[in-house]
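In the block that follows, a single chain appears as structure tokens, in the form predicted alone.
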């Protein structure tokens, strides 16, 4: 068996990280190198290396990631139309900025986010 990712270690409580959100399928915590005032990582508890490797069997987990994002955005006060909004990002591969081979969604908010992203 290969070594656990840092995200698996956080999910298994081997590395301490205060959770912003947790349910049966996903866990979420603040990024240690935030790119915005609000930068939360939403991670499936099941190891899926990257979005392009997900299968039909992962459909419920993929949906849970996005539903959790909405709940977290609401909890952090950036979901309402009167706020300045939030962005979700999923990286796939080195050139896209992937650094941990465990699918995760970045929720970014709290500052203007340029388009196109860098």
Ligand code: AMP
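Computed from a predicted structure; not experimentally measured. Numbering follows the first chain given and starts at 1.
Form predicted in complex with the ligand: not shown, discussed below.
At a distance threshold of 4.5 angstroms between non-hydrogen atoms, residue 31 is in contact with the ligand in the model of the complex. With a 4.5 Å cutoff on heavy atoms, residue 41 counts as touching the ligand in the model of the complex.
A residue is said to contact a partner when one of its heavy atoms sits within 4.5 Å of a partner heavy atom; residue 61 fails this definition for the ligand in the model of the complex, lying far away.
At the 4.5 Å threshold, heavy atoms of residue 25 stay clear of the ligand in the model of the complex, well away from it. In sequence order, 91, 97, 98, 99, 100, 104, 106 are the residues of 88-117 having a heavy atom within 4.5 Å of the ligand in the model of the complex; the partner itself is omitted from this view.
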